[in-house]
Each structure stands twice: as structure tokens, then as C-alpha cells.
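The form predicted alone is given below as one chain in C-alpha cells.
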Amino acid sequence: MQQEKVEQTLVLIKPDALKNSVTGFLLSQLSEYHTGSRFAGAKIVQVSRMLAEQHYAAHQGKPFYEALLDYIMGRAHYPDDAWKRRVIAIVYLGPGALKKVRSVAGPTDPHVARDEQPGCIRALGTVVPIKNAAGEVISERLDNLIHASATHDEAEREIKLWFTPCDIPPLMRTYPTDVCEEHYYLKDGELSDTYEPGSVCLFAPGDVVWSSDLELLRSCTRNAQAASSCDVVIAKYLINRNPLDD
């Protein structure tokens, strides 16, 4: 029998799961016993708008986009308690991890999940109508408790969006890394290799970084592009760094 390939996948335990206190159940369902996958990295994140926009970039412009951002940022479930807004981000590692975790999570739409796979995680979710200013229903938001990467390409993009290499033990990293030799600073939305008061240091010499992140930042600074084109890198280095706007 051919041995299954060891893979990584991203799981996000969303604000509705945390508010409804089903975190323990979700972690049990995703355990090595059920999925054959192990934790490779985990963190608690207050999700910034930049991070939310990058995670849901494929949905930009859709009627439910803003509601989706409010959902993952925790605003939908904690409108008055900003300090409670958080997501648990987890990297799972194991043979066939992506497919197995997706199977435990179930169909994206909670209604479909209850019909087709009633024992799955998302069968516990709900569907929230989205209304315009006139009160008309224009779309819907799927409060489905959990995110799980859909493809291997998405898993790589999402893991690199939410995690730095040093968030994951060296022997559990599956994507190429480099050792940075330069400084990269961010100030007022602009990248620079020179420190100025008020700058945030993203990379410093000696930092272990994803090879693709380093290549992108080098390109941005070399071509003097707007820092927004590098938000996919910048967003993770600002995680939990500063208080978020309410």
C-alpha cells in the first residue's frame, strides 16, 4: 500500500465557536485519533482588517464580503466587547491531513452539512441573512464555526498568511525558508530598509522567514511598489502587535 503524503492544513476556530463554547468539542473532533493529524502550530489572534481582507481576498466585491470580514474579526458576535474578539489558528500536520480535516469539518453551508453529514462540525452552525439599508435580504453569511483549507495551494497561502516559520517547530515546517540578511521596516503604510522613529520592524538580519515572503518584500522595496501589494506578508507580522480599532 502506498504511504500517504504528509501534508499541512490550516484550521481557524471562528468567533461563533468560541462564543458558543464548543472549542473543546472541535479540538476533540480534529484530534489525531479522528484525523491522524497533529498540531504543528497554534496561536490566538485578534484579527485585524488587513488580515481578514487577505484571508478572504477571493470574496472581495461580493455582497456578503463586509459581513464576512465582521464575522472573522469577531465584530458580529462581540459587537460591544472588543477584547473578546479572537480566532484560534492551528496548523495540522499528517498523512492526507487536508482531506481528513475537511471531512471532519463537513460542507461549508451548515444547512447542507445537517442534511448530508449531520455528525460533522459545521452541522452545528447557522446561516445569517444579510440585509441592505432598506431591510431587504441581499445575501447570507455562513456562521459555520470553523475554517479548513480547501486545497494544497490554499493551505500554503493561508498557513503563510497566519504563521511565521518560527511559530512552527523546524522539523514540522513543509515550506521553504531563508535567513534574512536585511532590515525591513513599515511606517505609515510604506516599506523601507532604514529605521525611522515610529517604524515597525518586520524582518531583521538573522530572522528565519518564508522564502516567498522574503522574495515579495525584496520585490516591493526594489520596485518602490505600494506596501499594500505586500499586505499578504505584512498582515501576519502585525498580528497581536497593536490594539485594534473598535
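Start at 1 with the first residue shown and count on from there. Please read all numbers here as calculations on a predicted model, not as lab measurements.
Another form exists, predicted in complex with ligand CDP; not displayed. Remarks below refer to it.
- Contact check for Q117: no non-hydrogen atom falls within 4.5 Å of ligand CDP in the model of the complex.
- Residue contact check for D167: none of its heavy atoms lie within 4.5 Å of ligand CDP in the model of the complex.
- Among residues of the shown chain, R157 is not one whose heavy atoms approach ligand CDP to within 4.5 Å in the model of the complex.
- Remark: F64 counts among the residues lining ligand CDP in the model of the complex, judged by a heavy atom distance of 4.5 Å or less.
- Heavy atoms within 4.5 Å of ligand CDP in the model of the complex are found in exactly one of 54-62, 206-214, 25-33, 180-188, that being 54-62.
- Out of the listed residues H111, H77, R86, R102, R102 is the one that sits within 4.5 Å of ligand CDP in the model of the complex by at least one heavy atom.
- Exactly one listed residue, out of L202, L68, A40, C220, brings a non-hydrogen atom to within 4.5 Å of ligand CDP in the model of the complex: L68.
- Within 4.5 angstroms of ligand CDP in the model of the complex, the stretch 116-145 places a non-hydrogen atom from each of R122, S139, E140, R141, L142, N144, taken in sequence order.
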